[in-house]
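Form predicted alone, single chain, as structure tokens, below.
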């Protein structure tokens, strides 16, 4: 049975927010291996003074036995599909349960989303979900002295749209563009930067995601067979090279990445994914497009520019069966990906009105408080004979972490971007090697831009993974231990 503890009403109140360290609920969680983890829960803690949506704008804190003021904090968002997410309890099968077992303080915030509504008003349209997460981080900092856990060691973890939100929180710490909105919400007057961002299959860079998707999948049999979608796919594909060249990316060795060599870089990353899995015992068929040799061809590419931490964390294990993955027919492999799960339509994200299609989730993200949906890319707006309103353009900018990654300037354990905001110094980015929910370039571009800016990046296309998150937890928590 769960015991409830209510020792006294001697809580702390600041800036219209409160936390009482003596009010907690003693509970336990049984892990898959049968181990019982005991913890104290502090729940329904409102993190803004002006609560617009009582169903979502609060967080829960879970403190395992033995936690101290130096214990890292795992902040896990359950945002999916850019929808609202309620504050939950820890789950034995995901990173929250594992974090408690490892001794981390776990924080699970609720946040508004495209579907949240109060009295007929949609409360969570962009960028409100992100603002909620930033306000939750500020709350943890406000009560850092009273609350177990170290607010200087917050690790945010999310999957899909939640992975995008984790990337945004990680990239936009203390950025002045968000400040007026946070002040209006009654968020704590504290910093909102985090120490690390864990991003599983982030659905991000939305204004360029359609072109990335078609550039990648245009040649698959799925697209080539569709007389209706192929012209749209062709047009979007043609836009991607200009975007890639505009990013001025570099690979892990510091070599320029352009539209001319980008496919080869993707090929190398997928080979690295397959080799890593093969070294761990996976059986990989040559029917997928891979070729093999008894001798390594050129060695595995250095990771993270040869930086010590990146190399140690990302280099595959040495082959145990004397066989190397040395080549990949990309078209065969992409057909395999498309055949395991049907591709999205074209466009994949900004669908509203194009070929008469209904609005997508992302069209709703940038819509109005009346529940309307809007185009958010120049291409789809043009197809509908309209221009993008300034408000939409501004919100799209605020919701793309790629806009906020600038070369780092180190100050102790933090890395400040040149725009005088704070970017998380550590990044763990995973995208499934057969995930078709967004194009492979989206996660890779995020990783490369962070790496070139000087941040610590651990990136991998996780072998044979579909769209999912919080997997390979031994690997994730091994990485987390390495950055503490």
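As the structure is a computational prediction, the values presented were derived from the model and not from experiment. Numbering follows the first chain given and starts at 1.
Below, we turn to the form predicted in complex with ligand DHB, even though it does not appear here.
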Is residue 104 close enough to ligand DHB in the predicted bound form to count, meaning some heavy atom within 4.5 Å?
no
Can any non-hydrogen atom of residue 344 be found within 4.5 angstroms of ligand DHB in the predicted bound form?
yes
Residue 349: heavy atom within 4.5 Å of ligand DHB in the predicted bound form?
yes
So in the predicted bound form, does residue 210 come within 4.5 Å of ligand DHB, heavy atom to heavy atom?
no
Segment that reaches ligand DHB in the predicted bound form - one of 79-87, 286-294, 169-177, 392-400, heavy atoms within 4.5 Å:
79-87
Taking 156, 193 and 424 as the candidate spot, are all three within 4.5 angstroms of ligand DHB in the predicted bound form by heavy atoms?
no
Looking at 203, 147, 135, 325, which is the one with a non-hydrogen atom within 4.5 Å of ligand DHB in the predicted bound form?
203
Exactly one residue in 161, 99, 270, 405 has a non-hydrogen atom within 4.5 Å of ligand DHB in the predicted bound form; which is it?
161
Checked 437-453 against ligand DHB in the predicted bound form; residues with a heavy atom within 4.5 Å, sequence order, are 437
